[in-house]
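The chain that follows stands alone, in the form predicted on its own, written as structure tokens.
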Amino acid sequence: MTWELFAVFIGSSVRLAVPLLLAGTGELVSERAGVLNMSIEGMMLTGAFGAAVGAWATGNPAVGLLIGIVAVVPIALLQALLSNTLRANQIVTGIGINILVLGATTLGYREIFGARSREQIPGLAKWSPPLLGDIPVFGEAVFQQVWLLYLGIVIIVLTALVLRYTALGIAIHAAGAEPRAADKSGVSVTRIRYMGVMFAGFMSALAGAFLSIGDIHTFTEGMTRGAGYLAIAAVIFGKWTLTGTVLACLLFGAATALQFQLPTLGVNVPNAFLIMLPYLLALLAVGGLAGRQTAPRALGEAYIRR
């Protein structure tokens, strides 16, 4: 492998990991607060569709991004309502929302763009940090990325600081680990969990928008293709830590990038295996083969105040 191909591989791995990084960060906060948000896939797909339609209708991808975020708000509210207020099964409701969104976005896509449309949609511009973009070989291949990637990095860093050093971060951890104790200390567990789900919706909207108007500049039916579930698996793989989740997302991104890199190098590996590889790694993570895992104690359990 030449340095040029290695640089392209690194750049592709990062680009393909971005939707997982964004959605995974939101899912981590939601799960730390105690809500297993299985509707990440549907939220991502809604964000992708809303951003694509908004960018297509206005000709402005920034407006499309805002529309994608707004479109996810009702989905996130529905998930929060079902999980926290109605205390419904979080896994069942999440999967139900995903199915509903898949059908709704498919219908909307066909009504707006037509059944076989591949119309190009205005996309977000690329940007590279000063100096880093000028590095020989690696500068353009690695650091010339859609600006939403760098905004996502800023949000992830801020999220890490909030979770580790602020009272809000302590409340989020407490809501998922010891909700009864948190309630007795004056923390509204329901409010924290609502905030966790809404933040997951916001991050999923960014992830979906990156797919449609940041990466390929179009929308296709079911274009997330399980990325939301990979984001959930990344949280488990990362053992419910932000650093671990980020590393897991980068690993999944690299595994996806191999689909395009290995054939270029002349490595004879069945393409079906390369397509399956990220999901195989996710299965190993969920199956507990990635090491000992300690989930938040109250994860997935509805809190009933007494």
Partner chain sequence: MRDPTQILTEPLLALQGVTKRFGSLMAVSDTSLDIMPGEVHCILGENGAGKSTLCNLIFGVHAPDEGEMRFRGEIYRPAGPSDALASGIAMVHQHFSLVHDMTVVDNVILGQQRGLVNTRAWAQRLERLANDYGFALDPYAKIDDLSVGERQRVEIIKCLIREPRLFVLDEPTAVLLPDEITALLAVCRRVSAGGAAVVLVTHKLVEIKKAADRVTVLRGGRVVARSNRPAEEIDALVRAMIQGDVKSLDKSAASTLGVGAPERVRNGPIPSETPTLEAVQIDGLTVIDNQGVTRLDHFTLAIGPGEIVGIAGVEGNGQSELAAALSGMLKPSSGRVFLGKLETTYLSPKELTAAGIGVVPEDRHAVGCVVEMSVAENIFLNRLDDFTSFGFLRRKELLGAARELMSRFDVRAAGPGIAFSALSGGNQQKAVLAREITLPKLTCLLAAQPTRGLDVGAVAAVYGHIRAASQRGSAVLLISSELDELIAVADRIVVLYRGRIMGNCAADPSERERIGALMAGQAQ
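Owing to the predicted nature of the structure, the values given are computational and were not obtained by experimental measurement. Numbering follows the first chain given and starts at 1.
This protein has a second form, the form predicted together with the partner chain, left out of what is shown; the following refers to that one.
*residue 173, heavy atom within 4.5 angstroms of the partner chain in the predicted bound form*: Contact with the partner chain, yes.
*Does the partner chain come within 4.5 Å of any heavy atom of residue 154 in the predicted bound form?*
No, residue 154 is distant from the partner.
*asked:* Does any part of residue 167 reach within 4.5 Å of the partner chain in the predicted bound form? Heavy atoms only, please.
replied: Output for residue 167 is yes: heavy atoms within 4.5 Å of the partner chain.
_When the contact criterion is heavy atoms within 4.5 Å, does residue 206 count as touching the partner chain in the predicted bound form?_
Residue 206 lies outside the contact set for the partner chain.
*Out of 225, 87, 191, 110, which one falls within 4.5 Å of the partner chain in the predicted bound form, going by heavy atoms?*
By the 4.5 Å criterion, the partner-contacting residue is 191.
*Could you tell me which one of 216, 187, 95, 73 places a heavy atom within 4.5 Å of the partner chain in the predicted bound form?*
Residue within 4.5 Å of the partner: 187.
*Option from 122-130, 101-109, 141-149, 177-185 whose residues, in the predicted bound form, bring a heavy atom within 4.5 Å of the partner chain*: Looking at the partner contacts, the answer comes out as 177-185.
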